[in-house]
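This document opens with one chain alone, in C-alpha cells, the form predicted alone.
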C-alpha cells in the first residue's frame, strides 16, 4: 500500500532557514513532537538522550550567537537541542531492569531471564569504562575471539559507544522534524554551533554531548535555498 500522506510529509519537510516572525508555533505542537521523539527507535531501549526546548525569549536570544548568527536561529520561533547522555548508561540500564522486574510474577520465564541478564550484565559490559582501558580490552578480546567462527558484533572503546548513542539521538531528531512537518510547520537542523558554549548555557555535565540543534517556525520562500537536489537512486541504492 502506497502512503500518500507520509509521502506528502516527506516532500513538505525541507530545511527552511528563515521563519516568519508573525507566525508563532503553538506550544502543544512542540510538546507533541517531543513526545513522539521519545517513541523513536534507539539502541537497546537505553534512551541515552535528552531534549532541551529553548522557549523563553531570553534563551532564544542567547542562542543566536551560539549558533553563529545563522538566519535559522535568528528567526526561529522555537529551538530544541538534542543531547546524548552516554554518561547515564548505568541509570538507564537500571531503569530498564526495574521495568522488567515489575512485570515478573513468580519465577522469571526464559524471556524475562534474558532481559534481566541483558540489562544486568551485558549493558555494563557494553558501556563501562575505566582509566586504564581494561574494559575496552575485554570487549575487543571478546569480539575478536567471538568473531573467529561466526558473525559477531564488533565493539570496542568509547568511539563505538559515542557512535551508537549519537545514532539513536539522530533518530529522535528525525522523528521530531517529521512531526513538525506533519503539524504544518518547518524546521532546520543546525550543525553550525559552538558546542562548548551550548553545553555551558544548558548547564550540561562533561559526559553530555550536543547531537544537533533544530530550529522551528513557519517557513518562508526565502528560507528555501533552491530546489531539492539528491544523488540519483541508482547511485546510492544497491540491491543484492
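All values derive from a computational prediction rather than experimental measurement. Numbering follows the first chain given and starts at 1.
There is another form of this protein, the form predicted together with a small molecule, and it is not shown here; the text below is about that form.
**Student:** I need to confirm a contact call. Of 41, 192, 203, 207, which residue comes within 4.5 Å of the small molecule in the predicted complex, counting heavy atoms only?
**Tutor:** Result of the distance check: 192.
**Student:** Using heavy atoms only and a 4.5 Å cut-off, determine which of 198, 46, 212, 29 is in contact with the small molecule in the predicted complex.
**Tutor:** Comparing distances to the small molecule in the predicted complex, the residue within 4.5 Å is 212.
**Student:** In the predicted complex, does residue 54 have a heavy atom within 4.5 Å of the small molecule?
**Tutor:** Outside the cut-off, so no.
**Student:** Determine whether any heavy atom of residue 70 comes within 4.5 Å of a heavy atom of the small molecule in the predicted complex, and answer yes or no.
**Tutor:** Judged by the heavy-atom cut-off of 4.5 Å, residue 70 is in contact with the small molecule in the predicted complex.
**Student:** Is the gap between residue 17 and the small molecule in the predicted complex 4.5 Å or less for some heavy atom pair?
**Tutor:** Close contact exists here: in the predicted complex, residue 17 approaches the small molecule to within 4.5 Å, heavy atoms only.
**Student:** Quick one: does residue 188 come within 4.5 Å of the small molecule in the predicted complex, counting heavy atoms only?
**Tutor:** Yes, residue 188 is a contact residue.
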